[in-house]
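Same chain, two versions here, written out as C-alpha cells and called structure 1 and structure 2.
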Structure 1
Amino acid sequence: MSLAPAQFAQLNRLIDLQLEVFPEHRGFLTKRFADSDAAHLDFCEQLSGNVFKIAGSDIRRIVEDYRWLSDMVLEEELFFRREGRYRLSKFSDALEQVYANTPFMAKYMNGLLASQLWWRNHTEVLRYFRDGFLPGNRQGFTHLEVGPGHGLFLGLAAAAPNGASAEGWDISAASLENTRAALSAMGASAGIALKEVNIFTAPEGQFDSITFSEVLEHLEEPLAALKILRGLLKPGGRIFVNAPVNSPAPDHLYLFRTPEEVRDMVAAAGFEIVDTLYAPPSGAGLDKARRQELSISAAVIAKKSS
C-alpha cells in the first residue's frame, strides 16, 4: 500500500524502492508521512524528482546506502546514549577516519541524500529555506553557500526570483565536483559559480545572503566560523544557519544540546536573530524530542545590522 496519495508518483516510487531494500523501515516511513498536508507532500514530490535526477542510474545504490547509513547512525546513537558525548571531538580525527576514506564518504553522502526525504526534519528545513528565508532577501541579492554538498539549497537559491547570482564555496575540490554534477543533473547549474575557497582568507562584505547548513557541528570552533561569515555579508545581509542538536554521527564534533544553543551562538557572533525553526525528527513532536534529547534540526535566520 502506498504511503502517499497516488498523485505523488515520484515520491511513492522512491518509497517503494527504499522499502525493497529496507522493508523494516516501513513503520518509520509510515510515521514520517502520517498527517502530511498537500503542501508538504508537493514539496516532497519535487524533492523526490531531484533525488532521482541526482542519482540517475545509481538510484538503487542511494537507497541501499541509506540503509547502511541508518545502521551506522544507530551505532553512533548507542554510543551517544551511553557516553553522553559524540565519539570524536577533533577535526584531525574526522579527517583521518571519515573524510579521507573515499569509499566510506561515497556511501555516507549517498545515504544523506536520501535522508533529505526520509528524515522529516531535513525536509522541513529545506522547505523553510525556500519559503521562509529566500523571499525575505533584498531584490537582486547575491548569494553564497559554504559547503554546498548535494546542491539542494544552492539550486533553490539560484532559482529565487529575487536573486541575482549564487555561488558555492568549499575547501575540497572533490566535494565541489560532486556539487557540480548534482546541480547539472537537476538542471540548476547555469550561472552558479563553484569555487575552492577557505572562508578564513576571503575578503569581507561580498554577499547579501549566505547559507551555512549542517556545517557548524563539524567544526571544533563553530563560533569563529560564524564571525567570519558575518564579515562576508554586506550590511543588512541575511544568513541561514542550520545545525542539528543531539545528533551523533561519525564526523560530528561539536555537540549542541538544545536548539536555543544554536540560536544563541548565532547571536553571539554578532547577528540579529530574525526567525527560527526547530524541527523534530520523524514521528516525534518538539516537546517529546526535547524531553528525550532526540535529534532536532535548528534553523536560524539572522541578519547583519545596517
Structure 2
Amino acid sequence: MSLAPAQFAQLNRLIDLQLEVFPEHRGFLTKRFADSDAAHLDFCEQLSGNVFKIAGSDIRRIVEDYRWLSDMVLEEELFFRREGRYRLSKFSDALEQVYANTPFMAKYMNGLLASQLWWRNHTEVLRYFRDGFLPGNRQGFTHLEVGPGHGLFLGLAAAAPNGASAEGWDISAASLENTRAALSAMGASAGIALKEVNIFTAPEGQFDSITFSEVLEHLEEPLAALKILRGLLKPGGRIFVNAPVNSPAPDHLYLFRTPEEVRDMVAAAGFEIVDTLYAPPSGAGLDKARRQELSISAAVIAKKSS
C-alpha cells in the first residue's frame, strides 16, 4: 500500500524503490509520512523529482547507499550511546577516513541525498531554506555554499528568482564531483563555480548570502569557521547555518547537545540572529527529542550587521 496519497506519484515510486532494497524500513517510513500535510507532501514530491533527475539510471544505487548509510549511522549511534561522545575528534582522521576516500564519500553523499526525503528533519530544513531564507536575500544576491555535498541547497539557491550568481567550495574533490553531477542533472550547473577550498584557508571573497549546512559539526574549531564566514559576507549579508545536535556520524567531530548551542555559537561569531528552526527527527516531537537526546536539526538564519 502506498504511504502517500496517489497524486504524489514520484514520491510513492521512490518509497517503493527504497522499500524494495530496505523492507525493514517500512515502519520508519510509515511514521515518517503519517502526519504530513499537503504542503509538506508537495515539497517531497518536488524533491523526489530532483532525486530522480540526479540519480538518472543509478536510482537503485541511491536507495542501496541509503541503506548502507542507515547501517553505518546505527553503528555510530551505538558508540555514541555507550560512550557519550562522537568516535572521531580530529579533523586529520576524518580527512583520511572519509573526505579523501572517494568510494566511501560517493556512497555517503548518495545516502545523504535520499535522507533529504526520508529524514523529516532534513526535509524541513531544506524547505525552510527555500521558503524562509532565500526570499529574504536582496535582489541580485551573490551566493556561496561551503560544503554543498549532494547539491540540493545550491541548486535551490541557483534557481532563486532574486539570485544573480552562486558558487560552491568544498575540501573534498570527491564531494565536489558529486555536487557537479547533481547540479548538471538538475539543469542548474550553468555558471556555478565549484572550487576545492578548505574553509580555514579560504580565498578572499565578498558575498551577499552563504549556506553552511551540516558542516559545522565536522570541524574541530567551528566558531573559528563561522568568524571566517562572517568575513566573507558583505555588510547586511545573510547566512543560513544548519547543524545537527546529538547526531553521530563517521565524520562528526564537534558535539552540539542542544539546538541553542548552535544558535549561541552563531551569535558568538558576531552575527545577529534573525530566525531559527529546530526540527526533530521522524516520528518524534521536539520535546521528546530533547528529553531523549535524539538528533535535532538546528537551522539558524543570521545577518552581518550593516
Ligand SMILES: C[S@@+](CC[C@H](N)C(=O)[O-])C[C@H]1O[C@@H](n2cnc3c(N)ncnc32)[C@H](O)[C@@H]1O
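Here the structure is a predicted model, which means the values were calculated and not measured. Between two forms, the rigid core is the largest collection of C-alphas that superpose within 1.5 Å. Here, residue number means position along structure 1's sequence, counting from 1.
The second of the two structures is the form predicted in complex with this ligand.
E220 shows a C-alpha shift below 2 Å between the two structures [criterion: core-superposed Cα displacement of 2 Å]. If you fit the rigid core between the two structures, you'll see the Cα of S184 move by less than 2 angstroms. Once the cores line up, the CA of S115 ends up less than 2 angstroms apart between the two structures. If you overlay the core, the Cα of A100 moves by 2.8 Å between the two structures.
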